[in-house]
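In the form predicted on its own, a lone chain appears below as structure tokens.
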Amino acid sequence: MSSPTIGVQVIRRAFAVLRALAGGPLGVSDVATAAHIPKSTAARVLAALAAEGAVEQVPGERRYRLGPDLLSIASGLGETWDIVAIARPTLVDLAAELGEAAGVSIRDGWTVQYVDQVEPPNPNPVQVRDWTGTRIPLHAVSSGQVFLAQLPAPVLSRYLAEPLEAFTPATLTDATALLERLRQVRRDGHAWVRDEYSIGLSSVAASIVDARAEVVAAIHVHGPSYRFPNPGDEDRIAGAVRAAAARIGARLRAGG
């Protein structure tokens, strides 16, 4: 009966310590005072947080400050939520224009992570699932191929050196074939994927570029393969996705 209560108390104390350090470096006694906990408890919590990289001691001092791992997480979340907030109006417009779900994603290591998705205002009875929060290997989806196409050659070579997982018979698992696809992506400015991650699902994606000319996200539209894209509609759809990516990039470069 007491374990859940103890666990919650530990979390609360850890957050109290982190809040205390948000204002700048503090010694153990000052942390204890600011967090309203005993000094011995503050010392234990600081030691545990330091072991996880959430806090660290100021070099040459006994004071503690927020650590690099915590700051990295916070920075990454901030950038992600900035992109989501800036992209959302364009996703709404794009989903309405094309009548299919539109989403935005970021690269997380060797995977693409979907961070937002918008459904069209009058959705077809047959809809694809919401992929928000899902991580998928880069080679298997259109957004991932957009990211791969922009990687420096040495980094791309490291990715291709590992076995490429097959999710369907259509997944590109041959490095030579994937490289040819990536050349097309760089030439066209977008990537089409049909049934390569999930049978019956097609998508098209384009890259979003920030003020440093770096690809920071990708925008995509996906739908059931039997209707998306309709024959002869590929260029119009891809053009709309590229234009949407350009609008989001312009807003990012303008600071929102």
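Worth saying up front: this structure is predicted, and the values here are computed from it rather than measured. Counting begins at 1, following the sequence as shown. What we label the rigid core is the largest C-alpha set whose atoms superpose within 1.5 Å from one form to the other.
This next part talks about the form predicted in complex with the DNA, which is not shown.
In the predicted bound form, residue 49 stays away from the DNA, with no heavy atom inside 4.5 Å. For the chain shown alone, residue 62 is a contact residue for the DNA in the predicted bound form, at least one non-hydrogen atom being within 4.5 angstroms. In the predicted bound form, the DNA lies farther than 4.5 Å from every heavy atom of residue 242. In the predicted bound form, residue 225 stays away from the DNA, with no heavy atom inside 4.5 Å. Only one of the listed residues (201, 54, 28, 216) places a non-hydrogen atom within 4.5 angstroms of the DNA in the predicted bound form, and that residue is 28.
Annotated contact segment (heavy atom within 4.5 Å of the DNA in the predicted bound form): 41-49, selected among 208-216, 193-201, 227-235, 41-49.
Residues of 175-193 that come within 4.5 Å of the DNA in the predicted bound form, judged by any heavy atom, do not exist; none qualify. Comparing the forms between this form and the one not shown on their rigid core, the Cα displacement of residue 39 reaches 2 Å or more. After superposition on the rigid core, displacement of the C-alpha of residue 240 between this form and the one not shown stays below 2 Å. Once the rigid core is overlaid between this form and the one not shown, residue 225 does not reach a Cα shift of 2 Å, moving by less than that. In contrast to the form presented, in the predicted bound form the C-alpha positions of residue 107 and residue 50 spread farther apart by 3 Å or more.
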